[in-house]
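Shown below, as structure tokens, is a lone chain in the form predicted alone; questions about how it binds or moves come after it.
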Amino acid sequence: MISKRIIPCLDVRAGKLTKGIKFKGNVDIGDPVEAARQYYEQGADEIVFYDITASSDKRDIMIEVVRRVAETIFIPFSVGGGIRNLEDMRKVIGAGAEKISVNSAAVENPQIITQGAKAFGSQCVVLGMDVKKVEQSKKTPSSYEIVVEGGRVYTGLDALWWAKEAQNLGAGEICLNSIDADGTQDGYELNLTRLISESVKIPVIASGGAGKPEHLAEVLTAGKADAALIASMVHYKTYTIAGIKHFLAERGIKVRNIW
């Protein structure tokens, strides 16, 4: 059995670690570089860094913050936000990231996935999907729609179709975020996660809604996710990554780096 990964998510706005609920009401809560160091020392398997306003502000990602985080940790590091072309990808990889996450830019130009996969390998290209539950229709038969620009713009794209399309284009992984569950700490969107996980062959990271270790156990088993993204439950020091891993291991879920 492949080990399940636990991945803290650093949402960054104006160089500060920030957290909101359902993409709204963000408050600054600390220094992303210091948070990355703490999570690395606690046993995180990877770190995800999102510059959450880069796309909506039409600006470049804060590459200096990326570089400082990369110098602080020695585990895989994925970066997203404001990446619009191959040159942006190259800058992020050059600053020390192992993976590039594309979201809004991939919807606008799907070929960026293929270009990135050819240049750096599929394992380096992560498709970020921000998803909202909607009424079932011809346009969205799965009842889930892709939303971009930090949750501001509905695309009309069906989430299940887009996940399969991204896999065909060369994405090596999907980070699947439920806007409805984001920041609520009420649990992941299990139906959405299971739907996507069972429909693609590439790894799926579940995101949005983690509030207690039981939620991770649910999404990694019933939700069929390969990894779980966490934020509030560690940002506010309610739990540690080591504590979460011990909880999962005691329930028979294989995880890495327990000490």
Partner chain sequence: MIAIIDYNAGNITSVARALENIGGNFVITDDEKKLKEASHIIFPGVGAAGEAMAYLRPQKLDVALKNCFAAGKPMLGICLGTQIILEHSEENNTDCIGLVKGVTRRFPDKLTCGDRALKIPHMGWNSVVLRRKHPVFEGIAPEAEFYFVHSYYPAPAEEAVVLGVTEYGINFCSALTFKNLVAVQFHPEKSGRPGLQLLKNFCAWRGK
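Numbering follows the first chain given and starts at 1. This structure is a prediction, so every number in the text was calculated from the model and none was measured.
One more form of this protein should be noted, the form predicted in complex with its partner chain, which is absent from this view; the next part is about it.
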To test your reading of this chain, name the stretch in 144-152, 108-116, 130-138, 67-75 whose heavy atoms come within 4.5 Å of its partner chain in the predicted bound form. 67-75
Does every residue of Y39, D182 and K212 put a non-hydrogen atom within 4.5 angstroms of its partner chain in the predicted bound form? no
Can you tell me if D51 lies within 4.5 angstroms of its partner chain in the predicted bound form, counting non-hydrogen atoms only? no
Do N168 and its partner chain share at least one heavy atom pair within 4.5 Å in the predicted bound form? no
Any chance G187 has a heavy atom within 4.5 Å of its partner chain in the predicted bound form? no
Contact with its partner chain in the predicted bound form for N85, defined as at least one heavy atom pair within 4.5 Å: yes or no? no
The listed residue (V204, L229, M62, A35) that reaches within 4.5 Å of its partner chain in the predicted bound form by any heavy atom is V204
So which residues in 86-121, when you check its partner chain in the predicted bound form, have a heavy atom no farther than 4.5 Å from it? A95, G96, E98, K99
